[in-house]
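Quick heads-up: it's one chain on its own, the form predicted on its own, in structure tokens.
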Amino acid sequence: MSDLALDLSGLHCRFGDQSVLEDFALQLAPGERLAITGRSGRGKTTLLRVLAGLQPAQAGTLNLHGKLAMQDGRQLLAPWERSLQLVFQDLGLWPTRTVRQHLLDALRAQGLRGSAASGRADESLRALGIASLADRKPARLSGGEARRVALARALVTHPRLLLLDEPFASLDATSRAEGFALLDQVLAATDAAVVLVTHDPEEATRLGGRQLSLDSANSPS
């Protein structure tokens, strides 16, 4: 049984007649960080959605932490069974839910309820420095605060794989640097593997770890 966090091979993904990812392969060790760069349309977000079980593929085999999640393009594990979290570029915060409720919702989806869920949520709020925002709804959050909430919601479930879709793209340079510093802080306490997709080479370097460009000649077209 593989001890890799992620082992993907033979991925084919297309939309109509357009091939987005073709015979794509990727391996990631536990705790490893990978930044994937590329122009728009090269398949960065599509790749994350396939890994998360949100996007169908025409072919490919995916193992996550030794569990077969996809075979011949057929999804075998539901998104909530994959021990991963995906932070979207638009964050996906619900306007009617408070910050604390967002974290509790994520824990309930993992089957954790009651005092155990409450304690875990409060711990994550403190770790991300947003305990004072617990009762606020997204409309009352700044852009940087909203991204902290999205990270807290992802990390509260203790995922083994964290997928980041340009989570700091709309922030100014100072806020973006603060976001990466926060990410470094929270990742230091976990062995979660991380995949960041970005069009910005500086962000790819800032993450640390390995880099992969989908614009290179050997990458999928």
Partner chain sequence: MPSLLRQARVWQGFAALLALGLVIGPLGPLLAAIFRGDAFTQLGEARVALVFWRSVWMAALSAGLAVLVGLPLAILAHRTRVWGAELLALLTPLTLLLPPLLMAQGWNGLTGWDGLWASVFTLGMCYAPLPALLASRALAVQPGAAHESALLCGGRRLALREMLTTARPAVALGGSLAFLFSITDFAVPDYMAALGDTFGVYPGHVFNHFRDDDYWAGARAAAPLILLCALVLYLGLWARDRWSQETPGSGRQADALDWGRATPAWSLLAWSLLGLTLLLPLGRIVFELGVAGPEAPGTWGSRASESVQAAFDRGREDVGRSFSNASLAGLVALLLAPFLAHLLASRRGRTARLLMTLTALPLLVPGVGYGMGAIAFANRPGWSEFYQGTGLVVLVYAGRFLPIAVFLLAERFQSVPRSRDEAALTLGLSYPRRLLQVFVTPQLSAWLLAAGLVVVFAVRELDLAILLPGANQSAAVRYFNALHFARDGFVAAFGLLIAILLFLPAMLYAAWTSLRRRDV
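Numbering follows the first chain given and starts at 1. Note that this is a predicted model, so its numbers are computed, not measured.
The form predicted in complex with the partner chain is left out here; the points below concern that form.
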Given that the partner is absent here, does residue 121 sit within 4.5 Å of the partner chain in the predicted bound form, heavy atoms only?
no
Taking the partner chain as it sits in the predicted bound form, is residue 37 in contact with it (heavy atom to heavy atom, 4.5 Å or less)?
no
Does at least one non-hydrogen atom of residue 157 fall within 4.5 angstroms of the partner chain in the predicted bound form?
yes
Taking the shortest heavy atom distance, is residue 108 within 4.5 Å of the partner chain in the predicted bound form?
yes
Find the only residue in 115, 132, 96, 142 having a heavy atom within 4.5 Å of the partner chain in the predicted bound form.
96
The chain here is shown without the partner chain. Which stretch in 28-36, 180-188, 62-70, 45-53 comes within 4.5 angstroms of it in the predicted bound form, by heavy atom distance?
45-53
Within 60-87, the residues having any heavy atom within 4.5 Å of the partner chain in the predicted bound form are 79, 80, 81, 84, 85
